[in-house]
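Take a look at this single chain in structure tokens; it is the form predicted alone.
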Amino acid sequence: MKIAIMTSGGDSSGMNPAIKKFVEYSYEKGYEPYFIYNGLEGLIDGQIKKAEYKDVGGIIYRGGTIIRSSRSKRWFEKEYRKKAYENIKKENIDLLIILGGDGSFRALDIFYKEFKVPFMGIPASIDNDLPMNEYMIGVDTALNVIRCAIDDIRDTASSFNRAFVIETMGRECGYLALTSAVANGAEMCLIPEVKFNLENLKKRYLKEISEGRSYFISIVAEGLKITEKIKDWFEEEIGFEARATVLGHIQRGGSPTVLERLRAAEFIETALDNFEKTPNKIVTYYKDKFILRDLDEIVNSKYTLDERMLQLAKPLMGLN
């Protein structure tokens, strides 16, 4: 049986450990592993090649994805999806494994409804915005990259009595900002999912300054598009010299953490252990266990943030 793996959409650390496990576990179970290079674009162009042990030697510590990824405009045209299907049939691929996020699974949904190619989906995105799922490959490494950046910024913030506004990635999802703010002791957390109250924050900050506070760490999600405005707000309303730092794509890179490597292997094993009896599923991680879910269930549901985390962060949003 021939099984092909591809990485789609934004890259994330942990993809390479997953790719390594895919090759090794496929051979262990008697399957033939194949790589699809360059994501959906590569699938359209037929960039499919049999994978060998040598291809994955020494990649477990590397961030990114050795088979590369892409975002494809051509995929939205049926003629190119048909071409992708023909490439799969030409190589006699029996199963397609996709590592990706919400957009990738929506692309997969269209593809499956048209051509019924058997698949297994594995969540991989630093955004962590997949419904009915609590962990996506890449999240832990991204959070640790952010942690290191905040620790470093805190050194200079405390030395110069400044406010630092740090922008995290995540598109319209505030997961990275929310988790990082709580985990790293920030004084402010602003995310798209919750209406914040700057007036309440101002009252609190001025009181804290009168009691000796000498610097501020503010975490702002990129989806709000207000990082510079919050920097100006600190200077104009709070009277603190402020700096804005956009962390950007460093959050996608870095050597995968121990948790990332373990979780990636578990996702792959779950997919390969189950696809023959229950194909066409998304492997999700929910309440400390792996659950196979229907693709329709995923694409037709809305992602929500953890209520416990939101409660912890309310004071950082001026909502206490």
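When you see a residue number, it is the position in the sequence shown, counting from 1. Everything numeric here is computed off the predicted structure, so don't read it as measured data.
Omitted from view is the form predicted together with a small molecule, to which the following refers.
Q: Partner absent here, but in the model of the complex, which of 158 to 166, 123 to 131, 194 to 202, 74 to 82 has residues with a heavy atom within 4.5 Å of the small molecule?
A: Flagged stretch: 123 to 131.
Q: Considering non-hydrogen atoms and a 4.5 Å limit, which listed residue (Lys229, His249, Lys90, Lys113) is close to the small molecule in the model of the complex?
A: Checked against the cut-off, the match is His249.
Q: Quick one: from Arg243, Arg171, Arg213, Arg154, grab the residue that has a heavy atom within 4.5 Å of the small molecule in the model of the complex.
A: Flagged contact: Arg171.
Q: Does Asp140 reach the small molecule in the model of the complex if we count a contact as any heavy atom within 4.5 Å?
A: No, Asp140 is distant from the partner.
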